[in-house]
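Coming up is one lone chain in structure tokens, specifically the form predicted alone.
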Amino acid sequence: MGKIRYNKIQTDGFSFRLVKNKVFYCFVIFMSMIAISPVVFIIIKLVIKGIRQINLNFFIDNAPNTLEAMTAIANGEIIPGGIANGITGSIFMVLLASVMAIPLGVLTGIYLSENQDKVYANIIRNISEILQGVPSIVLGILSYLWIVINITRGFSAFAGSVSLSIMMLPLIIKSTEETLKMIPSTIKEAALSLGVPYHKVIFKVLLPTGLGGLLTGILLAISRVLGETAPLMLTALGSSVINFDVTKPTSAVPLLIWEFYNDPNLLDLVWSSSLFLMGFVLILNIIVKKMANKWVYG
């Protein structure tokens, strides 16, 4: 009789735990849905408001002026033109910024990973963390004072890319350091025990092993600067035509969004440009993730 009662208590306790587990599981799903709902609503709003302007001309034509927009609206047509000057300018400046920031950021991250307890490494780490919290407008002002006034003597793509590269550095440094920390020390020790030079251990063993994490950090840095407007307003300024001259003003998609927002006749292009920027970042994420997985897992 006692055994039967014990089994019943045990069964009831197990059932109660299953119920609690189920309730908590449903609660987590519910809270997760609440957390992502703003993103879902934003995406839906962008698609509904911006898809009308998306066509071939949107990608190959320069931004229209106010008169062209007013004429199209009066005739009940979609606004002509596109954001080709912004797309090419964004890609151009991000590529320049990546050329400057990625090698420096990766090398700095390697140094911090290999010299974790040194005073100089701690100073660099603290500066990097402080730099990550500096508002982008402040970095734009610094780039204006350093580059626009003293080097290019005017607004330019180079000045814009410098401000973006400064923003990219902390993320690349941090991701590189943390990725290399997660690699088992036995891999490095095995390579050194075979007589492999130290620099080859870093570049031929550790970096390829942590490539997935490195690419993720670089991608996060690129994704962050793709949507920046404030530093570019003070450095690249903007351009109504496609420009690949590093010494001349250049447009970017965020700059065009700001210009469209300030013109009531071009508000429809705000939604389309924002939809493009979101989709571009999403596609970039997917491509880099696929590349990283293919590199790591073959």
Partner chain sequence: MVNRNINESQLNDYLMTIEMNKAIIDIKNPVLTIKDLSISYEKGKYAVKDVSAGIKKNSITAIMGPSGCGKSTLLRAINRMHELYPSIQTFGKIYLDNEDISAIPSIKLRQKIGMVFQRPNPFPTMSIYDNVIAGYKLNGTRIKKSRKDEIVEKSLSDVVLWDEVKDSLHKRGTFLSGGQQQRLCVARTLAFQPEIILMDEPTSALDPIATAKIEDLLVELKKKYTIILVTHNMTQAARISDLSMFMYLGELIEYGITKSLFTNPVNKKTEEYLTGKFG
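Because the structure is a prediction, the values reported are computed rather than measured. Numbering follows the first chain given and starts at 1.
Another form exists, predicted together with its partner chain; not displayed. Remarks below refer to it.
Asks: Hey, of 179 to 187, 224 to 232, 135 to 143, 164 to 172, which bit sits against its partner chain in the predicted bound form at 4.5 Å between non-hydrogen atoms?
Replies: Looking at the other structure, the answer is 179 to 187.
Asks: Is every one of V196, K204 and P208 in contact with its partner chain in the predicted bound form, taking contact as a heavy atom within 4.5 Å?
Replies: Judged in the predicted bound form, V196, K204 and P208 all sit within 4.5 Å of its partner chain.
Asks: Quick check on this chain: which one of I73, L192, I127, L220 has a heavy atom within 4.5 Å of its partner chain in the predicted bound form?
Replies: If I apply the 4.5 Å criterion carefully, the residue I get is L192.
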